[in-house]
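In the form predicted on its own, a lone chain appears below as structure tokens.
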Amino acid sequence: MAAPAKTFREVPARRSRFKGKKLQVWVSRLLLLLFCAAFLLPLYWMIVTALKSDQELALFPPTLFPLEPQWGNFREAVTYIPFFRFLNNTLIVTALTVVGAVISNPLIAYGFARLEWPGRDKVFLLVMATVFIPFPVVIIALFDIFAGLGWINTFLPLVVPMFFGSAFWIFLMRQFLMQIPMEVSDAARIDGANEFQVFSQVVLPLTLPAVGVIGIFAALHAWNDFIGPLIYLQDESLYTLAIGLTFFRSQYDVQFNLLMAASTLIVLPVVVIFLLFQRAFLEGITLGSVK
């Protein structure tokens, strides 16, 4: 049976809907560009300020582009403070934090997602409730505990807690593990695997995207952490880069161009890591949120 011919009223209506969708796409793209510009503006201003001289920083209104880029500011920034010593300390703390996070969180989340035991859900809710406790509330208690252990002025208070899991990362990992069919674990148990073998050889390889996300989160947390090193580290030789940035501020002045140059060097590895692993990062979060 032949399809009915289009009426004269349907054609203008379709054209109107097409124009409406096209306008909606352009508006959404424009909004995305505006949001991108808003997020990139601080990064742009940091780099531009890093390339300005002291005299240009004093100009008003401030210049949008450096009149004479001062590339030597980056060299001066790494010699103004013991940059590479602080970098070495930051790398040690970041590496140990990532190791602790990728070992502990999948293991803890496995117990909440794949094993049946009395009170499991109640304990999980208790763990999740800790997300809402602000860090300043527990600072004094944690400091007393670490002081009693003799860990003050060492990296241990910054690293050891990461080997006991984080509530948010446990939640993220648990959501991911719950998407894996239980039949996969049951089949391994029938073949004679014990519970640790099921976790390490069957389930864990299927969760590598989520483990990667946790590793990236942990690295960013350790790299940018300021409060923790400020509280627990007292010897200058143990300072991290986040603490080292305060050295550009004196009692009467702040070396803004050198501060921004050092900040650019510190932010650069984070941006590179995100650009290299952004696909795995976004896929890991998406897979963990869709059931």
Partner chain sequence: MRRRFLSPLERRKLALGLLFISPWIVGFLAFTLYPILYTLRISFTRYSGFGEPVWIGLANYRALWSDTVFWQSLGNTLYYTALAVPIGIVVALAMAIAMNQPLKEIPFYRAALYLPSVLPLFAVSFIFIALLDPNRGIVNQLMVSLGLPNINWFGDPRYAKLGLVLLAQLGAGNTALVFLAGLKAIPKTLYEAAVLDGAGPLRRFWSVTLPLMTPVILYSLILGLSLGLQVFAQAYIITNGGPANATNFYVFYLYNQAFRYSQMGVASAMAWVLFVITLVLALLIFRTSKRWVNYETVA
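Fair warning: this is a prediction, and the values are worked out from it, not measured in the lab. Numbering follows the first chain given and starts at 1.
Another form, the form predicted together with the partner chain, is not on view; read the next lines as being about it.
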Report summary line: Of 174 to 182, 142 to 150, 202 to 210, 81 to 89, the segment with heavy atoms within 4.5 Å of the partner chain in the predicted complex is residues 142 to 150
**Report entry** 4.5 angstroms heavy atom contact with the partner chain in the predicted complex for Glu195
**Finding:** yes
Query raised in the report: Is Ala242 a contact residue for the partner chain in the predicted complex, using a 4.5 Å heavy atom cut-off?
Result: yes
Query raised in the report: Taking 4.5 angstroms as the cut-off for heavy atoms, does Leu259 touch the partner chain in the predicted complex?
Result: yes
Query raised in the report: Is there a heavy atom of Leu115 lying 4.5 Å or less from a heavy atom of the partner chain in the predicted complex?
Result: yes
Query raised in the report: Going by heavy atoms, what in 100 to 114 lies within 4.5 angstroms of the partner chain in the predicted complex?
Result: Leu107, Ile108, Tyr110, Gly111, Phe112
